[in-house]
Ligand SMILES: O=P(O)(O)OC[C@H]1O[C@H](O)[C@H](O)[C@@H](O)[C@@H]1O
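Below, in structure tokens: the form predicted on its own, a single chain.
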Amino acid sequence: MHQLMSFPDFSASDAHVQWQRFNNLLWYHNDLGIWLDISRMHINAEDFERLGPRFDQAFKAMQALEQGSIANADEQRMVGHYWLRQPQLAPDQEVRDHIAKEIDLIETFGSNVVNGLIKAPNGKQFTDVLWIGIGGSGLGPLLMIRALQNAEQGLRFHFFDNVDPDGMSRVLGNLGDALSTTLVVTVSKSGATPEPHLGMEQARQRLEEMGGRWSGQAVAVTMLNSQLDQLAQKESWLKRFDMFDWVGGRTSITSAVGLLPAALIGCNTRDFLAGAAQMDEATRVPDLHSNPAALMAAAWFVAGDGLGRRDMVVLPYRDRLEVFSRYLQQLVMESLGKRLDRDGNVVHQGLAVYGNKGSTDQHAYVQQLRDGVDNFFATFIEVLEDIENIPAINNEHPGDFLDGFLQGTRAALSQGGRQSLSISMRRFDPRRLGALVALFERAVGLYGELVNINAYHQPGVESGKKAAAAILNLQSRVEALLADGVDRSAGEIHQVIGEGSEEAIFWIMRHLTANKRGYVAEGDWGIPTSLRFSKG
């Protein structure tokens, strides 16, 4: 590891200063072949000195978290995603054994499906996977597939990661008759989340309409004894895998949520876990100068004045990592976007994340990054080793151009005084993806400690779920009222029901009348108060 020395303050134009900062601030892991460079961020020596005491506390908090303290105090839960790649760290033997057993089961099941030892009910080999999950239960698997699957390797993947009827229709249409040889995996930690349940019901009905046998193709990934787990046990589903109470959705990629998709494409899950474990070791070092996650968290903190005043623009220069910015949106924003700190103060913390892949970004929003509002910092991610089956033609190597575009964009941003950090990997494979994910997980945890927020709950998400449930309940009451065939305005409906709002009722009726459910509206849609609704 590189030991930090004194270094000059940031300069947008002095190449000598930039080179000196690059040398002094560069972190490198020889075995993983990963570099982290924060030298183009506006973080200076005095910031390291100022943040030192905060990081001393943050390191202690992370150590306590890994040892099984109640890190998520609001929900009285431990936070144990680090144990998933190093079970020996778990606080008791039962948990250690459970983690190790699940990894073995996933690996064996995936291998048996891919190799045709486990077949579909019709006796044919499984060809496809329909993965049903929302949030981290969808984004993590999508990242695994897009980042790691090679052509003609493993099963083809399809996703229900929303309750959009058109999206479901397209996925089922693309599957067609192959649904009969499709493994259907439903992921829900609680087993009661509406989105995966709705997706599961749609897939089940379509499969059974084709004459398929659901239980012979259905797999559940959920907590032991959840509603979903009980259903899977009752109906003797093909397989069940456990989720753990102490793992949140956004950090579940090293659990069955990420390992099962990897196994089903013939990917080495042990390498993925090993990479995450190696990065965990590197980011466990209680020294700001030599801990890459701490360096990132410090750079984020200084860039946004500890208040999230700058967005993170994620620019991976590798198609396999195109989904990574979406994955980080949940990991970072759901973890850090909090109204209250741990002391109950209103702080409205957060760090907005968006991104695209390089060099596509050259033709998209780099124009604004270079010349527009200076309210961001860029995170460049590159892979040095190019694939060998794309040759140079007329002495032109595509990988050279990709590297040139990255360096050019980085230089152009620096010249304009715009901030960026860079992550470089010698090669990309399951091990490096595991390390990359673990790096950001720890950086998020440390940043949460710096700003004194609970990075492991999501009260805003829960509020949204409750509000959605209230709307669905209101819709049921509206439909029950209109069953009498009497036409009413939104105001009259609201007056009778006595809950919700006229605007919410207008939204509900606008949706109902747009579909063939027997509801009609008379009046001017541009003047909501003129409308009268009824069921014909």
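Since we're looking at a predicted model, the values are computed, not measured. So that there is no doubt, residue numbering starts at 1 and follows the sequence shown.
This protein has a second form, the form predicted together with this ligand, left out of what is shown; the following refers to that one.
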*Proximity to this ligand in the predicted bound form, single hit among Lys465, Arg339, Arg309, His363 (heavy atom within 4.5 Å)*: Lys465
*asked:* Exactly one residue in Ala411, Ala178, Leu224, Val461 has a non-hydrogen atom within 4.5 Å of this ligand in the predicted bound form; which is it?
replied: Val461
*asked:* Taking this ligand as it sits in the predicted bound form, is Arg250 in contact with it (heavy atom to heavy atom, 4.5 Å or less)?
replied: yes
_With a cut-off of 4.5 Å between heavy atoms, is Gln330 one of the residues that contacts this ligand in the predicted bound form?_
yes
*Spell out, yes or no, whether the shortest heavy atom distance between Arg442 and this ligand in the predicted bound form is within 4.5 Å.*
no
*asked:* Given that this ligand is not shown alongside this chain, does Ile134 nevertheless sit within 4.5 Å of it in the predicted bound form, heavy atom to heavy atom?
replied: yes
*Pick from 169 to 177, 189 to 197, 206 to 214, 365 to 373: which stretch has a heavy atom within 4.5 Å of this ligand in the predicted bound form?*
189 to 197
